[in-house]
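Take a look at this single chain in structure tokens; it is the form predicted alone.
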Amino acid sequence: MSAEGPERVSKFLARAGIASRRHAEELITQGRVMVNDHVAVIGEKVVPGLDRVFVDGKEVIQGAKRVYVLLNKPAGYLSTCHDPFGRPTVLSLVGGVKERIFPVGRLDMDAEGLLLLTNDGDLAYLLTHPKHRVVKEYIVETRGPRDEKKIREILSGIIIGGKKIEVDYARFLDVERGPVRLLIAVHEGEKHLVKEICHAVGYDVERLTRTRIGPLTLGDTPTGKWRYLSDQEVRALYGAAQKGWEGEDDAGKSKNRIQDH
């Protein structure tokens, strides 16, 4: 059998289900990846079937079963596979999954809600790269005033770190009492992004919960519990990345298409 064409080591690792492309590059930078008999470097290419690739001394074998897990993350867990300080990670909540999986994107340690874990590096790349415009939706609880001017300010774009961040949609949620709740959706993936958006308009975030990634919603999955995605949900996620999004109405249409799962 002839070997495949050359590809970047990071893509090879992502296709093998070791990590997302971004995390794969971090592994390479940390010197944890070997190609044949040398330490891999960023941008290096390998030929699957000819070159041997190792992570932490263990050879990477492609062809693993693809696994997709939806977790309702509680606060107090890191969205990573390993923490050098011994803090709890989300992998400790999905102990029934035999395959090696990794989180798609991040939720802050104190944030809650929908987290996707998989060993499908291609899907992870599609969902996290902003050019594919896959919406991530959050509910923000704050004690600040219910001020429509702040929503308009958010919708007009917020400058963070010298970059203008444009949200996909934002509005207040109707509540009779308790904290003011905002619904904010973004397709960017910078760390602490939603918190920074809120802080920029004077809102202190008391609780942050992600409720949607593209057409995939949290549904009735209890906090701290997980489930496998259906084939229909996986296809819908790929479709979301391929066509992009047009706003909250578009997200609602996709929710109706997969609401039975």
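Numbering starts at 1 and runs along the sequence shown. Everything numeric here is computed off the predicted structure, so don't read it as measured data.
Separately, the form predicted together with a small molecule exists; it is not shown, and the next lines address it.
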Using heavy atoms only and a 4.5 Å cut-off, decide whether all three of Val135, Tyr169 and Ala185 touch the small molecule in the predicted complex.
no
Partner contact check in the predicted complex: of 151-159, 99-107, 85-93, 120-128, the stretch with a heavy atom within 4.5 Å of the small molecule is 99-107
Report the residue, out of Val180, Leu114, Leu78, Ala111, that has at least one non-hydrogen atom within 4.5 angstroms of the small molecule in the predicted complex.
Ala111
Only hit among Arg66, Arg235, His192, Arg227 for heavy atom within 4.5 Å of the small molecule in the predicted complex is His192
May I ask you to state whether Met34 is within 4.5 Å of the small molecule in the predicted complex, using heavy atom distances?
no
Does at least one non-hydrogen atom of Leu208 fall within 4.5 angstroms of the small molecule in the predicted complex?
yes
